[in-house]
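Just one chain is shown here, as structure tokens, and it is the form predicted alone.
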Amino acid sequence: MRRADATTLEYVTASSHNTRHITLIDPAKQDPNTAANRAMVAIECGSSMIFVGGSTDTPDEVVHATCKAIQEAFELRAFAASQDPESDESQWQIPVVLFPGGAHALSPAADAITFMMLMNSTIRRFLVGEQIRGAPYLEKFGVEALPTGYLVCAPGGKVGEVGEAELIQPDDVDLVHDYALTARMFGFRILYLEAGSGAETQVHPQLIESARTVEDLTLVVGGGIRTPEQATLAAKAGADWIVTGTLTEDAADLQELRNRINEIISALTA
């Protein structure tokens, strides 16, 4: 449910005093109603965007059902807030953005999509092939594309394996800087540094610091971030946004999820 006064890209790339938080919800890991409840808890705690995606083989009907359920939940909460003078309706005007594993995982109910090139893939499919397949549908749906360079860093996880990526190692500071320059020259507005879903270690801070030296790129960092300390490490290194997903999936109930996200947001806003 994107704010009416700005595009999603403007919202994502706008400067912010604090590093902002994205909650990633994988449609394959829960039913749409549960996903909507988790998304609402995330926004209540201070997440500034919802990503929908992650798994590489989730069919589009499942992705669409999840996006639709989240959007409907946000619309109901926004309407309720508009009827209450003490509530802030804008709290629920939060983008729901596709984070796809490929051209199969699309939905017209999303506000936008991270339209990504997996820059360190060794195969054409993830450099441009999936994008060619998906572009006509995104144009038809009217889903806004967020031009994104995507780099998979060690350990890489499933995305590094499926994407056949030449993983960025912790000491590849010059290489990640060159990738960031390339991303900017391609016209990408966002650079996403990914350690892999459920990674044992997060993107090394020196890689974030190196990418940060390239101007006019919004840095998104995800993978392996589970604790406030890890979130703070990424933020201090220069991340504009951090993404947590496993944190959400592993929560036993909504209260545990609330506690976990509150801790991350508190660390980012301290």
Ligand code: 1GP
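From 1 onward, residues are counted along the sequence shown. Source: prediction; values computed, not measured.
Keep in mind that the form predicted in complex with ligand 1GP is not shown, yet the notes after this line are about it.
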property: Ligand 1GP in the predicted bound form: contacting segment from 62-70, 219-227, 232-240, 34-42, heavy atom within 4.5 Å; result: 219-227
property: Non-hydrogen atom contact residue 194 with ligand 1GP in the predicted bound form at 4.5 angstroms; result: yes
property: Residue 47, heavy atom within 4.5 angstroms of ligand 1GP in the predicted bound form; result: no
property: In the predicted bound form, residue 244 touching ligand 1GP (heavy atom, 4.5 Å); result: yes
property: Interface membership of residue 24, ligand 1GP in the predicted bound form, 4.5 Å heavy atom rule; result: yes
property: Ligand 1GP: the contacting residue among 198, 170, 108, 155 in the predicted bound form [heavy atom, 4.5 Å]; result: 198
property: Ligand 1GP in the predicted bound form - contacting residues of 142-161, heavy atom within 4.5 Å; result: 150
